[in-house]
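First, one chain by itself in structure tokens, the form predicted on its own.
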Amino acid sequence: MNPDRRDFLKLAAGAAVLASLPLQHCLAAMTGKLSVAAPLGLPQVILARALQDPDVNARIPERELRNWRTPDQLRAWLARGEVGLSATPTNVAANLYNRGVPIVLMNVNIWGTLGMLGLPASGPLTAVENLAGKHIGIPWRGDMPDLVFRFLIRKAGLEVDRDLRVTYQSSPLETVQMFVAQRLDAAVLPEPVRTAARLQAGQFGQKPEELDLQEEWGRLTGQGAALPQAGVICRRDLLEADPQALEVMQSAIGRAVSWVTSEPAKAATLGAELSPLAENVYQGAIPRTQMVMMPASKARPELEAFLTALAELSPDFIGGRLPDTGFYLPDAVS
């Protein structure tokens, strides 16, 4: 669910135009139809389940779930008022807001999706310190997987080029292909791609080492082993037009997250119905992903700490500054 950081900036382009466009589609969403967008993966499963919620069905009879494949596609949908809500990485949401796009962060629901796979022949992988002298592959230079990784190795006293080699790939698929071909010692990957890579490696007789980067964050920082990585945004116009409908959606998203974690087999079946990813990929990804729905205002302290840490490596990652209070859905709604 993490596109190239350069595309993040494209996603935010034209914010001033976006704010001035007519929003007939968006406003119509809350009176009869709600269009929601999500990338492939568990965020899509969460929103699909939320849209099936009886309370949502009673409040919003007509609902639509779209799959956004590129940030430009999502930007266009937002610009035309075709989509009112969307699952998105938290840094993308912050970047959009800071560049003038009229959005509100409703919640954070993904708190851990990043990990590493390592070739057993390259030695143990129980801590980032084990990466010294190794070749690491990372998709999307400058995006969340890259910045989390670089933050962690710096905390561990390692330095790229001096202590280890890093190469970047244009997509997770390319990283997976290089890892399975044993052209990398280790790879940084989000779920569910990490599970897909592990399963593919198993077909070639490999049993990769695994390292949870959230646990490494907790170990190296002394903070919690949970990172506010993704959530749901809505257009501010929807909040102003019908806050009660957003309250219904917020509650439904919370129930959907609980359902995914408590009914992983059913959630995996739903995920496979929605995407080309196989059911066993979702079955492996769900227990490796931390999912807890927290209203944005309550997640704010942890989100600000997380974004501040990564923005030290790349200020443009969040649009140059932390979002102000207007970014967060008010408590009265959430």
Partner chain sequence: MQMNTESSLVSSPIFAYGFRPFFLLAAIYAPLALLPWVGALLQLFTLPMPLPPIAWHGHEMLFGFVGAALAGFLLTAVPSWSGYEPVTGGRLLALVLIWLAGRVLFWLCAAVPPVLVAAVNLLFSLALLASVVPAFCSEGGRAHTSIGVGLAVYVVMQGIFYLSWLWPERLPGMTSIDVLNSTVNLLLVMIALTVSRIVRVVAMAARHESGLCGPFRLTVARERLAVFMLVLFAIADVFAPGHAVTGWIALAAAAAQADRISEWPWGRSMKRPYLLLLTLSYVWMMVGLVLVGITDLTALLPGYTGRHALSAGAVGTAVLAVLCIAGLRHTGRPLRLPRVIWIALAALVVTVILRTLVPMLWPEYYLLAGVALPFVFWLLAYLLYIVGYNHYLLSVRADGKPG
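Residue numbers count along the first chain shown, from 1. If you're wondering where the values come from, they're calculated on a predicted model, not measured in any experiment.
Below: the form predicted together with the partner chain, not depicted.
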{"property": "Proximity to the partner chain in the predicted bound form (heavy atom, within 4.5 Å), stretch among 107-115, 202-210, 151-159, 244-252", "result": "202-210"}
{"property": "Contact flag, residue 281 vs the partner chain in the predicted bound form, heavy atom cut 4.5 Å", "result": "yes"}
{"property": "Residue 177, heavy atom within 4.5 angstroms of the partner chain in the predicted bound form", "result": "yes"}
{"property": "Partner proximity in the predicted bound form: residue 182 to the partner chain, non-hydrogen atom cutoff 4.5 Å", "result": "yes"}
{"property": "Residue 189: touches the partner chain in the predicted bound form, heavy atom cutoff 4.5 angstroms", "result": "no"}
{"property": "Heavy atom within 4.5 Å of the partner chain in the predicted bound form - residue from 87, 128, 196, 256", "result": "196"}
